[in-house]
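Shown next as structure tokens: one chain only, the form predicted on its own.
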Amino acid sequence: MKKLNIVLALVLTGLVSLSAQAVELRDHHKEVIGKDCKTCHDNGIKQFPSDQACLQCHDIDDLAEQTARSEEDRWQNPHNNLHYGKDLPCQECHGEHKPKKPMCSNCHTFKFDKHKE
């Protein structure tokens, strides 16, 4: 019985430590989100946030304007491009906890100095 209690205590301690793991949060989100993961993780904590969660704070038209190029390069805008228009899922290029390489960089070579991975 004593061994069972010890095993249960260890398992419980492990589960608590796993749920309290620190995850990296980008500086530009810390002030807004705080520590409430559900603010973004609207599909559950272990799922990627939906685009609707991102668009609660980020306006797609503003993003498209901020990343607009010259008229000649107008379709090289990641937030309004030839392939997806304004419908490219946010998670294809942006990751909150782990930096991501933009999906388009597999074929395109544009440079976005302010890309927030």
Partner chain sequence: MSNNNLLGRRNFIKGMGAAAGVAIAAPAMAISEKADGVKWDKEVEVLIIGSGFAGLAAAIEATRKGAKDVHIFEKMSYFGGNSAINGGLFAAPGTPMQKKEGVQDSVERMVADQMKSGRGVADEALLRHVAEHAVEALQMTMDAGSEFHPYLQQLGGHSVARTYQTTVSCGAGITQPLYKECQKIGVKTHNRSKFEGFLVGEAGEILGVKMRENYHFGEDQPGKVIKIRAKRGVIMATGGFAQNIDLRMAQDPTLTAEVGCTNAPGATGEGMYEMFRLGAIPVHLAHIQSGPWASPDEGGFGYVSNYSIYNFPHSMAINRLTGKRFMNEIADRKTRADAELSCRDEKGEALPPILITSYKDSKKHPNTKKVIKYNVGWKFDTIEELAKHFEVPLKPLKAQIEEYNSYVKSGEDSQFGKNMTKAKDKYIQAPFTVVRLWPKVHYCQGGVQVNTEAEVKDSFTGKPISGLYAAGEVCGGIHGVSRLGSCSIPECMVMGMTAARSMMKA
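Numbering follows the first chain given and starts at 1. Just so we're clear, the structure is a prediction, and the values are computed from it rather than from any experiment.
Another form exists, predicted in complex with the partner chain; not displayed. Remarks below refer to it.
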**Message:** Residue-level question: is K98 within 4.5 Å of the partner chain in the predicted complex, judged on heavy atoms?
**Reply:** yes
**Request:** Classify Q66 as contacting or not contacting the partner chain in the predicted complex by the rule of any non-hydrogen atom within 4.5 angstroms, answering yes or no.
**Result:** no
**Heavy atom of Q76 within 4.5 Å of the partner chain in the predicted complex** = yes
**Message:** Within 4.5 Å, heavy atoms only: does L82 come near the partner chain in the predicted complex?
**Reply:** yes
**Request:** Only one of E72, D59, E31, D36 comes within 4.5 Å of the partner chain in the predicted complex by heavy atoms, so just point that one out.
**Result:** E72
